[in-house]
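Take a look at this single chain in structure tokens; it is the form predicted alone.
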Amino acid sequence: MRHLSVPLACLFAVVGLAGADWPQFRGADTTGVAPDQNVPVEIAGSIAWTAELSGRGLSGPIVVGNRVILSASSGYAQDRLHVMCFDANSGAPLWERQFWATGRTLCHPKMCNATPTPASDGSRIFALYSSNDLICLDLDGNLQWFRGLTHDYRNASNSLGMSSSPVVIGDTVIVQVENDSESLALGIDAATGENRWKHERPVLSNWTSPLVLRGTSREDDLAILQSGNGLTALRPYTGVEVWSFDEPCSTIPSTAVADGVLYVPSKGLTALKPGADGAAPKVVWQSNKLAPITPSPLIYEGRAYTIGGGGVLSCAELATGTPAWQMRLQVTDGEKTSQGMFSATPIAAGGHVYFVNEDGLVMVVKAGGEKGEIVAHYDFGETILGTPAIANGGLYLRSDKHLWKVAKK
């Protein structure tokens, strides 16, 4: 295995993640739900600051303490890799680091090299790119280690680009590098960058991200990997397989989790309840009316939310999968109706669900109810494909050009 290791001046303790932080794709528990109750509903008049960005990025921002971190890529070949850090209170840039990509940077024009969302364990940052470069920095931007995964696994790529975001469980960084050639998943030591385990994965292109299934204790947490062939539950430290669900799943939207139940993009949407002590999971319900297209499902306050074709939002009762209501995510101002396509996964806080379409139009929907209601909207006027973050009462969104914080004044 070839990788660059930078000696550490001291040993970092893996600290517990603050409840208000948003340290990875869909937050600390990969649910997309924030505990904050003070996030603005009306975005107009609540933009706290705007920061300019260098390079393109579909990755979402993460928030660790007073730092907002995100990745970008630049250059004709998208081979310049950026990691940027901003002050969460003021938006002032704190630092930026740049690296050369070591793997293939070819992507679909809609994507770019900086598509996976970074992750953090509270003391380190792990930035993964479509080129399969994995960079570890401390919170001050000092390089800890660098893995060019293509050097180790030379055929691990696809022509459209890779988008799976890493997830941190304990002191293990889990990455899925799945494609039509050399497909694998890795559990990587957060401190050293060395492999703890490696799993051969189905040889299929796959853009889903791993997620955390919390156990009764941290030792019982599981990593859930999704592919076109099904789900696999692993022990994050050892990679030992605990159970599998062998039904075809989507390769774009990722599984959602709430209260120990998995909501899998399979045969529409399938609610899956894992058994005790590693027993095989059981299907609670399935609904072909809730199939998500690109954004991952969101589970919030007893309801499941999925975005289907044409921007149609479906809301269903969580216990049974029974549809509660449907609505098209669009707004009309005067004679102009705006709807658009969706790539960003919805997130929720304070009794509201936040949706952002690819044109940069944010629509805030009141959670639950007998019918869907858009209670506020705001047009940022720039393309947004990355999933936003919520932390400490702030909503953070990014385009290729800008990072915004929305917060009550």
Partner chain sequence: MRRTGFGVRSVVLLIAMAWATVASADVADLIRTIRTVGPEGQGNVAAAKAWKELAVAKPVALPAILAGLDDANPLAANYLRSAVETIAARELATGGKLPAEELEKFVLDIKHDPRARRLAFDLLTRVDKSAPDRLIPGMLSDPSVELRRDAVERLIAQGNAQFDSEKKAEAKTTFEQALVGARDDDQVQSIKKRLEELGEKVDLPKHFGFLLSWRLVTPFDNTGNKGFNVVYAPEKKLDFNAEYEGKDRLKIRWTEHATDNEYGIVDLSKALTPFKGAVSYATTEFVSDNEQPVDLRLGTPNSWKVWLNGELLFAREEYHRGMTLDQYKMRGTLKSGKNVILVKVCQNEQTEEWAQRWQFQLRVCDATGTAVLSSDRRTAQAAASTASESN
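Since we're looking at a predicted model, the values are computed, not measured. Positions refer to the first chain, counted from 1.
Heads up, the form predicted in complex with the partner chain isn't pictured, but that's what we're talking about next.
- Contact with the partner chain, judged by heavy atoms within 4.5 Å in the model of the complex, is confined among 270-278, 295-303, 91-99, 165-173 to 91-99.
- Although the partner is absent here, E194 lies within 4.5 Å of the partner chain in the model of the complex, judged by heavy atoms.
- The partner chain is not drawn, but in the model of the complex it has no heavy atom within 4.5 Å of R214.
- Residue contact with the partner chain in the model of the complex: G148 places a heavy atom within 4.5 Å of it.
- I252 falls outside the set of residues with a heavy atom inside 4.5 Å of the partner chain in the model of the complex.
- Looking at the partner chain in the model of the complex, residues L106, Q144 and S181 each place a heavy atom within 4.5 Å of it.
- For the candidate set T332, S159, T238, T322, a heavy atom within 4.5 Å of the partner chain in the model of the complex is found for exactly one residue, namely S159.
- Of the residues R154, K282, R328, R218, just one reaches the partner chain in the model of the complex with a heavy atom at 4.5 Å or closer; this is R154.
- Taking the partner chain as positioned in the model of the complex, the residues of 195-213 that bring a heavy atom within 4.5 Å of it are, in sequence order, N195, K198, S205, W207.
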